[in-house]
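Read the single chain below, which is given as structure tokens and is the form predicted on its own.
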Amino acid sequence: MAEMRVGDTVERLDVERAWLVDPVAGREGPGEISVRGGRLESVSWLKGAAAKGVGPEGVLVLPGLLDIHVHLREPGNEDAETIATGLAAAAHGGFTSVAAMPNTTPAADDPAVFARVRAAAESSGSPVELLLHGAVTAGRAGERLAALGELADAGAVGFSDDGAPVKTPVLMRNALLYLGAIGLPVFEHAEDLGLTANAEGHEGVVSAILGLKGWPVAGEEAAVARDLALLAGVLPDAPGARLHVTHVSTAPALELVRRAKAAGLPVTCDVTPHHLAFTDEWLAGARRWSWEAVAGDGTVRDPWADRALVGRPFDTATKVNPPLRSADHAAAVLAALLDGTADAVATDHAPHTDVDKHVEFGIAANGISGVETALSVLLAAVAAGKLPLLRAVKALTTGPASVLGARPGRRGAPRGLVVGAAADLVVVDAGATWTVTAETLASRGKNSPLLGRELPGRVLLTVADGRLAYRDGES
């Protein structure tokens, strides 16, 4: 493969004595794969002596990952990210399909914007599949519905005003009714703006000590409750209505989703790697994982007393919306991932320029550039014994595909370990580490609180639809 470039068909690839994970079959174990002419020619599961010494701490072969929530900034803010750099970043992170949010300039509320974005993806040469969400309201202004039918015909996989919630109950209800007839989900950013205006961080001890205006838990819980009530109300008239709540970050909101699912409502949700593994103490300078901030008896350790504050406070790379929560909410995110309340992990990849981030904390743009570090963060949870490897892989493959309603052979469907299909896979050395730096990130957005940190799980190779998407060491 020495002469291969991104976009070339992978004519020949053999990965021997690796740990294979097939989330569709619910199987993992020692095995080998062969790719010929861009297609997965064989998958062999090793047994007995042949399997000896092969474990999940070595080389992993996974289906290509799917991220249902990224911000690629083009058109309108190409200084922060372009389609080309965003797809390159996705491939570096092991993602072979990504779904871009519509909060661009102009907003993706018209098929012409879709066409422009797809042209940029085509010209990039990347084989990473780009899926598109359409705006719920025209210009994301929250005043009237966008041309939902036209956007659906143009290939939208979902609809969202992300960056902000759907502004009024009337608009949300009408969107659920209309899209219920089409069979596409509303991706809702759950936030009660009346409770969160000018908020700078999670309302709690850390924000109080740092003097930051708090973002209360009720700001998410109330919004989720509103949307679930609206969903239940429209189902008699629109049985195809579907609600997806994105980047859920609090225990009460997750419990509402859990109960709604148990009651049979067609609701799904995702959580982010940063709400799983980071906590609000990172705003004060802590850099320990969320599970390290909880004592054996379940109490949250004091970062000041534990001398956990090893970084500088007010790092704007930790400013996100919804904000990083306290460790008990991070534990609830993990529990929701384990019990299936959270269907997927989505990165909410939000690259920004230094101009937008290197400012006073309160006025800094919200967001973490996270598509390249997501897999490593989950592998850190796996290594800590907090998350089974198979569950982590499902949350990055079959889980997000189910949210989109993707079926085998359809856009957004994992294709990886199916013999005869176009190869769609990522090869990862779980035992190797890599250091997050501005130079190692392919994204134009360098706004990550993980800069300078050594992470587990080095992506060696990403193959998308039978073509080379990323290879370790490629320029």
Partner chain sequence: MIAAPAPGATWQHRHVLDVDVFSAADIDLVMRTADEMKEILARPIPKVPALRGTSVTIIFWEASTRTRVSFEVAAKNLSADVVNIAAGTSSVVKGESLVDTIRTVEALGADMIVMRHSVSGAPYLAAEVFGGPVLNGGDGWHGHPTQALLDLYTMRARLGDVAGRKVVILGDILHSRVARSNIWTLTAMGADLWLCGPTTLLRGFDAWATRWADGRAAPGHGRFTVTSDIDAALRDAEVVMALRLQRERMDAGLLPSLREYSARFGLTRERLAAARPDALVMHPGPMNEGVEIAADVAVLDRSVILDQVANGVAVRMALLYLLSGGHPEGMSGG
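In this text, all values refer to a predicted model and were calculated from it rather than measured experimentally. Numbering follows the first chain given and starts at 1.
Only in words, not in the display: the form predicted together with the partner chain, which the text now covers.
- The shortest heavy atom separation between residue 302 and the partner chain in the predicted complex is within 4.5 Å.
- Proximity of residue 211 to the partner chain in the predicted complex: non-hydrogen atoms within 4.5 Å are present.
- In the predicted complex, at least one heavy atom of residue 312 sits within 4.5 Å of the partner chain.
- Among heavy atoms of residue 358, some come within 4.5 Å of the partner chain in the predicted complex.
- Distance criterion of 4.5 Å from any heavy atom to the partner chain in the predicted complex singles out 206 from the list 368, 277, 206, 286.
- The single contact residue among 262, 119, 229, 363, judged by any heavy atom lying within 4.5 Å of the partner chain in the predicted complex, is 363.
- Just one listed stretch, out of 373-381, 211-219, 124-132, 172-180, contacts the partner chain in the predicted complex at the 4.5 Å heavy atom level, and that stretch is 211-219.
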